[in-house]
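The chain below stands alone and is given as structure tokens, in the form predicted alone.
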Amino acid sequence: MLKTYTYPKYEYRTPPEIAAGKTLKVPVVIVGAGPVGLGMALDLDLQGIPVLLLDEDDTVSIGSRGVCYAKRALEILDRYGVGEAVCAKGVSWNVGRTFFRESEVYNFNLVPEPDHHRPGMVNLQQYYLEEYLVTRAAARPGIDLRWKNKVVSVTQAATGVSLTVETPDGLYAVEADWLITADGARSPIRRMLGLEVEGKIFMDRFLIADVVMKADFPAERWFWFDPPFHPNQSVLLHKQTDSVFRIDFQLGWDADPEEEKKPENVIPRIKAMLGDQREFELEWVSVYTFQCRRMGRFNHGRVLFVGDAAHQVSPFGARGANSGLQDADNLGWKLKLVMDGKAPERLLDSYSEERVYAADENLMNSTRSTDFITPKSRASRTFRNAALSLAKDHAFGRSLVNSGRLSVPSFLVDSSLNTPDEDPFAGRMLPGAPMDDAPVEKDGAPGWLLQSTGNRFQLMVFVDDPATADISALSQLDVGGIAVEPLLISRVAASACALPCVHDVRGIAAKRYDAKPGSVYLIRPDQHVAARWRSFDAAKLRAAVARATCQQ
């Protein structure tokens, strides 16, 4: 039991298939009701796809576990209907500080420019995120969420997947067109199918201590190398909600996990850090090792893997749940088009292609962070300490310091779904980029650009004034049965507009997209740029949509 949180106990209901002796037939089964599985269910619900979501437990995750949710994940959670709750409850932060021994040597700001809706990070214990997602999913009639339902066998055929599900009242059978596996790093389903993950396990141990205390530490990430209170090791501090602070202590590979978790061994470490006068209580303690591994591909016939079931990284950089939510964001719209017969199944190969690319990026950054934080030789430790010593006074030294490159969305610039630029553009909104947000007005009310995008293909058209723009060619855009919704980004406010329109109040959207009147951007349902041109051309748009959906 935690001092600051009461775990919900979700109701188990006897599946009607048991009494009826019938096989349940559904379009999609998702296994695992953690943040990624729940997010996946809500994503498919937005696409209008009924979902059966199974979890073998009847509550949220035990312990705070993941705590950092990055700006891109928050934007995805906004579309799932829980972003506001997460930001309201959590601790927002943008600044991180790195210390070497007793001195600050480096700091960074995740969102150095103003005019973004969401902060660089929000710290919130994972059980809160899961609770918000469960509440949202339970309110959606298209999501059948079943607790205490454990998958015990999986068989795949060319046209679907058969599962046997164990419950307190017995077994029942499920036949699904598609199975999405979100059952975690140890993934029983991955093992049932004889699939492997490959990578590296790091020979080090870390102690997590969640501590309840009243402290005036700012809402920042603090990381120490070789501090006087924990010599020759590293320490990480994060502020969470409910006056809970996450402290990670590096222990070394020889540490005994069971001994290190005992309060009589944890408390002296925390007192050495905080001083004997500060009162605190232990909330949750765990010892972990970590690994950087992934599956060779994330789609295997009718079985699709997301989150930790597909890839695992070290916690430095907050790349686990953040990456998993981006998996769901990438997969949902593609599966919808395939199920509707509007795109071939090879579109799902692009899910694996793009998210393997993102996973490799995360694995590279995570491995480099871990190697810097936990040097395994005298030479590498000497190099690290030299870089830390230089960082205080020299910019080039700061570029060498790596206390965990924090999660950022992948720019899928090499994706086969992108249409390469023909026209010159400046800035970062190139094909494959996740959209930058910007303040806009809609119907005279303040809002954000990302609130008007997502879940469908859109053509963003930058115009001076929608009242005088030639928009006749934009009103009926359909490519191979795929509707493309126009969205006008107007330089001036319009009293009335025949098409969806937002007012770029201060020109920030145009600046971030290097847009001039007439510039157009094709946006994917997951808010990534698919193509852009300086002027609208219907033939080029049709080719770009066909490319983005593997129709050519």
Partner chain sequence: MALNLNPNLSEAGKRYFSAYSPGDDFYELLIGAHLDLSDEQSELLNARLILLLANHIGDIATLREALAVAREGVQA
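All of these numbers come straight from a predicted model, not from anything done at the bench. Residue numbers count along the first chain shown, from 1.
Another form, the form predicted together with the partner chain, is not on view; read the next lines as being about it.
Asker: Any chance Arg428 has a heavy atom within 4.5 Å of the partner chain in the model of the complex?
Answerer: Residue-level check for Arg428: yes, a contact with the partner chain.
Asker: Would you check, heavy atoms only and a 4.5 Å threshold, whether Phe372 touches the partner chain in the model of the complex?
Answerer: Yes, Phe372 is a contact residue.
Asker: Going by a heavy atom distance of 4.5 Å, is Phe396 a contact of the partner chain in the model of the complex?
Answerer: Although the partner chain is absent here, Phe396 would touch it in the model of the complex, with heavy atoms inside 4.5 Å.
Asker: Whether Gln458 contacts the partner chain in the model of the complex should be assessed with a 4.5 Å heavy atom distance threshold; does it?
Answerer: No - in the model of the complex, heavy atoms of Gln458 and the partner chain never come within 4.5 Å of each other.
Asker: Please identify, from 159-167, 293-301, 145-153, 408-416, the stretch that has a heavy atom within 4.5 Å of the partner chain in the model of the complex.
Answerer: Stretch with heavy atoms near the partner: 408-416.
Asker: Could you work out which of Arg368, Arg140, Lys261, Lys239 is the residue within 4.5 angstroms of the partner chain in the model of the complex, going by heavy atoms?
Answerer: Among Arg368, Arg140, Lys261, Lys239, a heavy atom within 4.5 Å of the partner chain in the model of the complex occurs only for Arg368.
Asker: Of these, Asn107, Ser475, Thr135, Ser380, which has a heavy atom no more than 4.5 Å from the partner chain in the model of the complex?
Answerer: Here the answer is residue option Ser380.
Asker: Does the partner chain, in the model of the complex, lie within 4.5 angstroms of each residue among Met364, Arg384 and Asn402, using heavy atoms as the measure?
Answerer: Each of the three qualifies.
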